[in-house]
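So this first bit is one chain, no partners, the form predicted alone, shown in structure tokens.
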């Protein structure tokens, strides 16, 4: 009997569609509360500097100024976003104590009666900063004698005592020795700003015994738990309301505005609004990481890949945020959806004095697959083989073991490529048209 689908193949009305197109959807920026204060931040004008002093006296005389927040006001001032899943060490300062590590890093938060007063007070704060050497290139950051960004003495995130996430499978040098061709490629991607229509922001409202935070975060409970840790509050004293995100694409999974806004509400007993302006969104919100990916492949004359060595560098900026997780994903996917019997991967999360980077649509995997697929085209060209054929011959099939030791149990790449070929009108040779993702024969498994 033919299955009756209620979603697939049907045109369904979005539950929020009418409200969006008629302008009735409420965003964080649309909300207001009686007595609401506005929070703005004094940011570092330098990429790397010692904080010698902060003079608030002129700011305090601005009409409408309420109070300032410094590192001394933050109960748990050093944290890491991924600490919730056991990633260590704690490294990012909510408000820095004695050193700034990127241009735009928040130093002091100002609370005022109006947004205009907050901006005016921010402009009157005097900073005494001693500029330090900065590093912006990942290879330079890894070189001896580079300026050190972290507080533990080297510019890489450490994975189980190693400066990189490592994958070792088979014998990569033996694979290179048997190969007919050796191909090497270097691929670079740049940081990308998400540029959401609604900038990052939240409003924290004190209530009887707890705080309600209206936020456009993409990760409500992630933000709630980190805010709880930073402020030393039991989670049941926080209520986070996510609402409409207003565009995110991964850029609103970091916990940046909620702790300061809630801290302001704690210290004043009044609602506090902290929303980035467009300049802040473009300058200091997390971007996608810049990456450098170096691939060395050993390939047989028929296009079969027998060895792959990958070195990947991801620029996490001054603080790692989500990038250590992205690097783990990158390392696990550095061979792509292809069976390669000998693999060596070193993937580095590199600290520089750039704006911290974080998640964006498949982060870690997306940039890696760009490099892998360009490399596959180069293999096809070197071997004089059609690019489709190279991909079919190397595609994962059921029963294949991936370099991170996971057995492939539901491979569909071959069938997907066959469907894609039909859609674009590309005729496949009979050999490829007849292939399936069924486990390899004994002869195929030896290749």
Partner chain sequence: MARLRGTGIAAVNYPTGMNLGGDPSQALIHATTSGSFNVVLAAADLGQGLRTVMAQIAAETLGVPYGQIVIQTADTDTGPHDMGTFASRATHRVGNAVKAAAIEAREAVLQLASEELEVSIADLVLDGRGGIQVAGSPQKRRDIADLASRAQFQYGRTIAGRGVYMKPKSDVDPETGAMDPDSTQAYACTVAEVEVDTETGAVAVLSIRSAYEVGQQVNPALVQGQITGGAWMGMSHALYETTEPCYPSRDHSPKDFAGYLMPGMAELPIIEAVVLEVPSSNGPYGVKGVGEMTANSPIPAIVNAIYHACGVRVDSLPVTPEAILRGLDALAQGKGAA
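Predicted, not measured: the structure shown is a model, and the values here were computed from it. Basically, rigid core = biggest C-alpha set you can superpose within 1.5 Å across the two forms. Positions refer to the first chain, counted from 1.
There is another form of this protein, the form predicted in complex with the partner chain, and it is not shown here; the text below is about that form.
No member of the trio 81, 302 and 400 reaches the partner chain in the model of the complex with any non-hydrogen atom inside 4.5 Å. Figure note: of the listed segments 304 to 312, 261 to 269, 243 to 251, 125 to 133, the one touching the partner chain in the model of the complex, with heavy atoms no more than 4.5 Å away, is 243 to 251.
In the model of the complex, residue 338 approaches the partner chain with a heavy atom inside 4.5 Å. Taking non-hydrogen atoms only, residue 411 approaches the partner chain to within 4.5 angstroms in the model of the complex. When the partner chain is considered in the model of the complex, residue 151 lies well away from it, no heavy atom lying within 4.5 Å. Although the partner is absent from this view, residue 290 contacts the partner chain in the model of the complex, with a non-hydrogen atom inside 4.5 angstroms. The contact with the partner chain in the model of the complex, taken as any heavy atom within 4.5 Å, belongs to 360 out of 231, 108, 256, 360.
Interface residue among 163, 206, 147, 191 relative to the partner chain in the model of the complex, by the heavy atom within 4.5 Å criterion: 191.
Looking at 268 to 300, the residues that come within 4.5 Å of the partner chain in the model of the complex, counting any heavy atom, are 278, 279, 282, 283, 287, 288, 290.
Relative to the superposed core, residue 425 undergoes a C-alpha shift smaller than 2 Å between the shown form and the other one.
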